[in-house]
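Take a look at this one chain, the form predicted alone, written out in structure tokens.
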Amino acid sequence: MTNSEQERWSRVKGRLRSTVGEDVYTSWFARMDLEAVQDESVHLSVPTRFLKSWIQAHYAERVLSAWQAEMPEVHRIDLSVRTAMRCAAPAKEAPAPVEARRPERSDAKPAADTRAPLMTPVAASHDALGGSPLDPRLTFASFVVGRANTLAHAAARQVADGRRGDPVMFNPLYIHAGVGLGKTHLLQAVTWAGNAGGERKVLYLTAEKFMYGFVAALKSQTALAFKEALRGIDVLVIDDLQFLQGKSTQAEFCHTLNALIDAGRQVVIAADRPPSDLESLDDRVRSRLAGGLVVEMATLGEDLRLGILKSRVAAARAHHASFDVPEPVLDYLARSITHNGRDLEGAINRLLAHSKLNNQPVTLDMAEREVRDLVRPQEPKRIKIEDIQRVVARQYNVSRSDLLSSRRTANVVRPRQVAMYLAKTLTLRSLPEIGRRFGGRDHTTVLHAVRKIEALVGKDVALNDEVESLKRQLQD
């Protein structure tokens, strides 16, 4: 390598460092070497296949842009693994090209990342870390706080406002709620706010992205580098944990979780159910999750629904100044659309589209017509026997396998009878079917349990209250 090539490479590295930041540069580019510059191609190498695949997936255009700033004629980057390149035939580790259009003039500006104008520095920094996509609308400023989510919001805000080296108050923070109640909004708000200070690295990943990254690292035999990269994060945010599957992936998640918590790093997790109900997860993971702060985001009350509607109207008005939704229409929507926040946002989008495309003001009649499918009486929730077994097991502090077993101890028999009673009264399953779902029992056993609980709830006030509470939990 000539002195001029070495000087160019030093300047390229300087550009990369200033573009992605010192932490990201150290993680991914510090061990990248220049091998050769030939005609319109630059040949680079890294020590591991994991680094190669990660750079190709996340930084290929940035590396190319940095080189084109020095040499506009370059339009191809070849990236190889050093060990493979030096010790094996080239065919076994063929370089993967990064193609770009050649500038039309010698004084053309260097090619830029086409996403850059659309990305804030925070988004660019998070993208550089390899996180899942962030929605710029999902910030604390746009999150509407109400009785259903006050604690979850306060806990998330505390995490986002923390600084590197501060003691962690609760770890992990585990937020659970049904669909469309604001979990993802809060987690992305933590990521936006946490990264805005520039002091900490906050990484937002869906469970699917975590699984993909781990499986890819295993296939490329770079799992150790993957683990080290994750454990260098200050705040790890995982969304939709209920989708985490596979024993090896769950084991790695457990190790990562333990390593981050033990090192004083913050972990924030969201799922659609509490840790105890994530039956597909390993017991050690559930135990560690339950050891932090577990917060439920409840269903949206009417006041909160109205607040969300007003917030969405205000956001729409920022782009469509003449858009207006009268108070009676907002009251109607808040009263009638009760399922989740996404339905509320969808209703405002429909009103906006109808108003703009037809050049008509929003009226109550128009709103009733446009969102009628969202306010139709909802079908009664279909309750599954598995749900009944899960809720009853949690209520009585036994396991679902206990309910299905042949154990006859008092602390198992009564919950089993209650579960069979609820299965008969809340589902359309036949007695033989219920028996089969409770460990292959005879239908007469189920009938005895149903009659037993029916007789007891009429005279045992405490049991009656327990059964009614279980019904409410299952029907909500």
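This structure is a prediction, so every number in the text was calculated from the model and none was measured. Numbering starts at 1 and runs along the sequence shown.
Not pictured, yet referred to below: the form predicted together with a small molecule.
For the options Gly232, Gly341, Pro275, Gly213, the one in contact with the small molecule in the predicted bound form, meaning a heavy atom within 4.5 Å, is Gly341. Here is the short version: of Ile308, Leu241, Val295, Ala347, the single residue with a heavy atom within 4.5 Å of the small molecule in the predicted bound form is Ile308. Using a 4.5 Å cutoff between non-hydrogen atoms, Ala156 does not count as a contact of the small molecule in the predicted bound form. When contacts are judged by a 4.5 Å heavy atom cut-off, Leu181 counts as touching the small molecule in the predicted bound form. The closest heavy atom approach of Phe323 to the small molecule in the predicted bound form falls outside 4.5 Å. Residue contact check for Arg312: one or more of its heavy atoms lie within 4.5 Å of the small molecule in the predicted bound form. With the small molecule omitted here, the record of contacts in the predicted bound form names 184 to 192 of 326 to 334, 259 to 267, 184 to 192, 395 to 403, defined by a heavy atom within 4.5 Å.
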